[in-house]
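The chain below stands alone and is given as structure tokens, in the form predicted on its own.
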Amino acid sequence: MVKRSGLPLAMNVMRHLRVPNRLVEEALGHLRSNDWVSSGMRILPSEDNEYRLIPLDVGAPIELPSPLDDFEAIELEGAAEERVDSDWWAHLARMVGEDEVEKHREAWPSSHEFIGDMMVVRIDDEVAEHTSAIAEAKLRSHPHIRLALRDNGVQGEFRIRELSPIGARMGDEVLVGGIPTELCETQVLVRESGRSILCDPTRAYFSTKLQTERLETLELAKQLRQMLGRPLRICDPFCGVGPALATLLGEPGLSSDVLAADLNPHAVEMLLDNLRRWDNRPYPIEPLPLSRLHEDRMVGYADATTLSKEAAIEGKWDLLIVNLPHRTIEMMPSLIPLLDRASPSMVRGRAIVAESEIESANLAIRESLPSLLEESPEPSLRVKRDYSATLRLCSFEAWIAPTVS
């Protein structure tokens, strides 16, 4: 049966997140990236007007992850959004008919991903003929969205998503055909962990839905810092535009040196723009080969498989982030030499594997690693989300023991 989101049928008593006015935009970014804002319900002011009460979807977890756990969740009667019918199924049914909606059942794209003021939607071939109706329904149900893009899969050496505009907003009008070029701008600033991340999913994609994953990486990094008793040297050889670094660099005293590299020059160009704002220091405008740009920053485009062959880079890093999920396991042997084996270190990675092959993948990861830190758990893939009908996006971490001299 088609999942329908909409207004509660009985009493509208529901959870609301109580957020100070100055932090509402950031909190909404976290909530919307996970589809945790209740569809069709209004954000309310508190009685003293110093807070906003954000209605939570019934699917939102009881214990929200950091930084949302800083805010109080309270129960009160919600108020329906009267300015717009935010039930996308209702919009869709009006355009294609209830019978057509029921006919295709689970083929309709009930999920999507927000990237700034854009929405990315995967559309099944079964309902591709209704692409325009899907785009219009999505845009009418999400008034904060400027542009709807169809995800046509990953292409090329840099694994860039092929995205095509299927709907846009021009003032109060929703366009689904003949969209003017000026409305199709895909370079946006995404707000995450208190920082603005410049990105363009048509040139360098990162998933806003993995924000919780990046916060987990921060917590692990803080544990490693405590263990070592000093700031960390962090190596991110597949950094893209820098979403993982945005979170890590926001933690005072966490890092003493950072290597940020990617094979995609377009990603590096936007990374340099981001670092310029985050660090408040000069960085080049154009992408460049991996170079020492500041005493504590090595940045540029590079092939990660060759980094460990450079004496200035090999064996220098405490935390290694491996975010090339389709190839993480095969590339591990060429990346491990980047770690400083004189002290404990960590590998934090993601991998895409078939659910039936998770155990064999765990074995392959363990076999690629040196000795683990005593009493640390063996690295084990944890499923974070579905990647496709059979594949799962997973994460892991491995605590590496120092070499015994």
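For every residue, the number given is its place in the sequence shown, counted from 1. Keep in mind it's a predicted model, so treat the numbers as computed, not measured.
The next section is about a form of this same protein that is not shown, the form predicted together with a small molecule.
Note on contacts: among L319, L248, C239, L290, the single residue with a heavy atom within 4.5 Å of the small molecule in the model of the complex is C239. The contact residue chosen from N323, N274, T217, Q211 relative to the small molecule in the model of the complex is N323, the criterion being a non-hydrogen atom within 4.5 angstroms.
When the small molecule is considered in the model of the complex, E162 lies well away from it, no heavy atom lying within 4.5 Å. Proximity of I234 to the small molecule in the model of the complex falls outside the 4.5 Å heavy atom cutoff.
Within 4.5 Å of any heavy atom of the small molecule in the model of the complex lies no heavy atom of E77. Although the partner is absent here, A304 is a contact residue: one of its heavy atoms lies within 4.5 angstroms of the small molecule in the model of the complex. Not one of S33, P55 and A137 is positioned with any heavy atom within 4.5 Å of the small molecule in the model of the complex.
Note on the interface: of 203-211, 119-127, 311-319, 104-112, the segment with non-hydrogen atoms within 4.5 angstroms of the small molecule in the model of the complex is 203-211.
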